[in-house]
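Only one chain comes next, encoded as structure tokens, the form predicted on its own.
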């Protein structure tokens, strides 16, 4: 796993101290080990995990410098991309949010304490936390949660004005961006650019949305309402 990750970081021209690379690899190994008894990922091969989980997460280091910033990883699942980013840049003030309680308990009580990582944990649905944590974060990331129009309604309310939402997408990024144009405007966002990376033989995209205005108070709506009538 370490050899694959190191080679990938070199391709992306990301330089990290070896002890941070070792910690990231250790986290990947913890995920694969726990996956034997808990459904964390469909990826079980260490080489694929290094590319599609670890390197994919760390590609965000090339998009915006996260040092010293507050970062919310919404729908973190097994901890991607938030935990690898925190291990790579320890000054990040990390909050992990996911609706699956078992995964969050594992991250909070087992994985992150073993790695010496501090983070805040929010277990529940994003729309239920939006009011308390409204416009509190410099950066919000999300990966493999929903299509972009729905994702913007979940994520942009958490970003403060001047901050950024980084949506991690695949080959359908441009199609989803076109579909989400109205939602981005309504929610106080402004599309800035799309960064693309070749990882594991496929194109991985990061859609960068700048929070330039205020999100109207009625958003986010309930998840059922969002799916029924997307913005």
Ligand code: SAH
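Positions refer to the first chain, counted from 1. Here the structure is a predicted model, which is why all the values come from computation and not from measurement.
The discussion below concerns the form predicted in complex with this ligand, not included here.
The three marked residues, 77, 80 and 98, each reach this ligand in the model of the complex, with a heavy atom inside 4.5 Å. Comparing 132-140, 106-114, 68-76, 86-94 against this ligand in the model of the complex, the single stretch with non-hydrogen atoms within 4.5 angstroms of it is 68-76. In the model of the complex, at least one heavy atom of residue 154 sits within 4.5 Å of a heavy atom of this ligand. In the model of the complex, this ligand sits beyond 4.5 Å of every heavy atom of residue 148. The closest heavy atom approach of residue 126 to this ligand in the model of the complex falls within 4.5 Å.
Contact residues in stretch 33-51 (any heavy atom within 4.5 Å of this ligand, taken in the model of the complex) are absent; none meets the cut-off.
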